[in-house]
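This document starts with one chain, in the form predicted on its own, laid out as structure tokens.
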């Protein structure tokens, strides 16, 4: 099954495809663990893509489509929170960072204008100062920083807004993970087509074909679940989509790296620009255990 896009959605994705064209090629030669592109984020902002949720005829579904498409590129930019969560908080401009507790690394915190902190069963929102966080050195292919203390002026948000931000955060994780899986799989498929072994391309071996076909099915399911969650914008569907993505990422990461061989472990080869981000997303929002518990509560009521 595939989504049939509306005329407006086709126009949106066509415009996005043109904007992303310069960012689809992976960097060559030795490079860092992550490739954050401020120019990509700026181009998206100038194109009005971060305002998609508030545009007439569009909403969270189109935002999820945008997030998934951008995540399929090897370069990284803060997109999910700016499209899905910033409108809820009434903020725009600089990136938005989500922090899942004090003392825990958060993506994009070192360049965020607003931080949404899940703290003591509530949500605090404010503007972080440089003294409030420390930059982390990591190999997870994201710019990370740890919030060491509560920024001054943090405001506790109403419970319904906190729930909405949490729901949108899960949708963003699911959509981003789906895009990362698609990008990693495309890179791997091209590699096995090009790589010769025993006188023929690796792609000719049936065992590899079968496993990559299973991975393609998984990627497709992740996309559909993420888009479904965004369309209905419900906590249950968000938990389901995030759980599936975090669970499925493990096998896809394993397959992509195994079929890329030793080359897949080098900084000269760009596979980690997708898979290492996926590894980090596996633990976001409490990880799959947290999502499984939340989904069980949605389906059958509170569990002990």
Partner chain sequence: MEFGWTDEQAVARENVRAFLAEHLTSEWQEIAPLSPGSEAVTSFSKRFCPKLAEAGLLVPHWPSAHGGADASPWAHFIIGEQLWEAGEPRGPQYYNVNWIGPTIMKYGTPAQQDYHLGRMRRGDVIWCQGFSEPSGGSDLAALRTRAERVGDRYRINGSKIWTSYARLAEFCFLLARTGSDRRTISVFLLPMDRKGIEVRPIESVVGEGDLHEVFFDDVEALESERLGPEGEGWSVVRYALNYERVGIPRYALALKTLHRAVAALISEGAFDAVAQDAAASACSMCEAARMLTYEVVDQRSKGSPSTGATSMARVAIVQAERSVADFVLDWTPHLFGSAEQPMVATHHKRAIAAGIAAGASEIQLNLIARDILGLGGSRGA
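Residue numbers count along the first chain shown, from 1. Worth saying up front: this structure is predicted, and the values here are computed from it rather than measured.
In what follows, reference is made to the form predicted in complex with its partner chain, a form of this protein that is not presented.
Engineer: Select, from the options 66-74, 39-47, 268-276, 240-248, the stretch whose residues sit within 4.5 angstroms of its partner chain in the predicted bound form by heavy atom distance.
Structural biologist: Selected range: 240-248.
Engineer: Of the residues 203, 127, 102, 91, which one places a heavy atom within 4.5 Å of its partner chain in the predicted bound form?
Structural biologist: None of the others qualify; the residue that does is 203.
Engineer: Looking at 161, 154, 139, 224 here, can you tell me which has any non-hydrogen atom within 4.5 angstroms of its partner chain in the predicted bound form?
Structural biologist: Checking each option against its partner chain in the predicted bound form, the one that comes within 4.5 Å is 224.
Engineer: Determine whether any heavy atom of residue 214 comes within 4.5 Å of a heavy atom of its partner chain in the predicted bound form, and answer yes or no.
Structural biologist: Judged by the heavy-atom cut-off of 4.5 Å, residue 214 is in contact with its partner chain in the predicted bound form.
Engineer: Using a 4.5 Å heavy atom cut-off, state whether residue 189 contacts its partner chain in the predicted bound form.
Structural biologist: Heavy-atom contact with its partner chain at 4.5 Å: present for residue 189.
Engineer: Is residue 195 near its partner chain? Define near as a heavy atom within 4.5 Å, in the predicted bound form.
Structural biologist: Answer no; every heavy atom of residue 195 is more than 4.5 Å from its partner chain in the predicted bound form.
Engineer: Mark residue 289 yes when one of its heavy atoms lies within 4.5 Å of a heavy atom of its partner chain in the predicted bound form, and no otherwise.
Structural biologist: Taking the distances in the predicted bound form, the answer for residue 289 is yes, it comes within 4.5 Å of its partner chain.
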